[in-house]
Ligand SMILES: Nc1ncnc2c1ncn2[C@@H]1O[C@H](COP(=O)(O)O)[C@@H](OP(=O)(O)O)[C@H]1O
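As structure tokens, one chain now follows by itself in the form predicted alone.
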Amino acid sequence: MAPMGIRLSPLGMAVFCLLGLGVLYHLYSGFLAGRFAFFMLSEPAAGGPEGPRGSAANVDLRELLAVSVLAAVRGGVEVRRVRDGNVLNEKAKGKTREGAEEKLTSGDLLSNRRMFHLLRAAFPAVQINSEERVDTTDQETVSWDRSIPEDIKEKIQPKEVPAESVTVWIDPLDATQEYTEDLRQYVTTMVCVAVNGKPVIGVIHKPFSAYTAWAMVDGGSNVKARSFYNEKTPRIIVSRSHAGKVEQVARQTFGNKTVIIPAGGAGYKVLALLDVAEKNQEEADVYIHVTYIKKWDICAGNAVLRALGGHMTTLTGEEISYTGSDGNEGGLIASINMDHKALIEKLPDLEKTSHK
């Protein structure tokens, strides 16, 4: 009952109730809208493509391996197309420290374009270093459907790392000199992924035989190490231009039966240490390089060897960091299924040779 002397109006009560309901509706509908917006931002649209794993600050190494394999293969298509069409448009781009002419072809440039833009489109937050310069005005549209090959799915688990810790090294055409001479067996395209300077993913693709080797440290690989080594007749693979520098020291160290294998391309030389089912692939026990070499030439091979328990170091045994400058000053020695430290101790004179 209302207090004495006060009479409640039915119309006023109705208006008051309607106002109260309006306020409650406004507050509650705002809350629901906020929750709905949060849900839409947090979940991928039904039926739409799945985005990269993790946040923009992280990358999944399994996905990066998959796109690295695809990039090496697509670059290889350009390398082979240019060589088969004999439209190299060969020119000099400078000289090496030893005074040899460095060559550049359309194969280098077109492969680089394909590889760089694919990797950049898939992982825009990752630093990419490539042997060839990328035209910043080139706005080629490249997409990746985010599919992962079954062999990678079977052997590699997802693993996220901070994007800022990753550096990708591209070699769009390794063994350009041999490429111009039509020595096709030496030519490779390569991609390497380094995390905090350590090589963890390596891809080596041979465009003229469609063979691809890949490996991920603490993950898996599609290639195996060679399981034998003949100490009486060790086989050492070296650059064609360095065979004379290495031969004398190697024979003094291992004996006169040491076999020196001159070859082109760092990627080819690393594959020589592995169990590769390739008729045009030579086999070796040790890979030695005695001069300055660029990191995009050796990063992929270094990663593959590390994943299989092998080693690639400078001639004095120092680990090679894949950050900072793009060159390695200390030469290199690579081996697998061997005592790498003892091997270095046998070759004390090669470090001096690397600075000549």
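Source: prediction; values computed, not measured. Residue indices: 1-based, along the sequence shown.
Keep in mind that the form predicted in complex with the ligand is not shown, yet the notes after this line are about it.
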Q.
When the contact criterion is heavy atoms within 4.5 Å, does residue 178 count as touching the ligand in the predicted bound form?
A. yes
Can you tell me whether residue 291 touches the ligand? I mean in the predicted bound form, with a 4.5 angstroms heavy atom cut-off.
yes
Quiz item: If you check in the predicted bound form, is residue 285 within 4.5 Å of the ligand, heavy atoms only?
Solution: no
Classify residue 264 as contacting or not contacting the ligand in the predicted bound form by the rule of any non-hydrogen atom within 4.5 angstroms, answering yes or no.
yes
Exactly one of 242, 159, 235, 120 comes within 4.5 Å of the ligand in the predicted bound form through a heavy atom, and that residue is 242
For the ligand in the predicted bound form, the stretch among 214-222, 112-120, 165-173, 192-200 with residues bearing a heavy atom within 4.5 Å is 165-173
Residues in 119-133 that come within 4.5 Å of the ligand in the predicted bound form by at least one heavy atom, in order, are 131
Shown form as baseline, in the predicted bound form, CA residue 243-residue 259 shift of 3 Å or more puts them farther
Shown form as baseline, in the predicted bound form, CA residue 179-residue 241 shift of 3 Å or more puts them closer
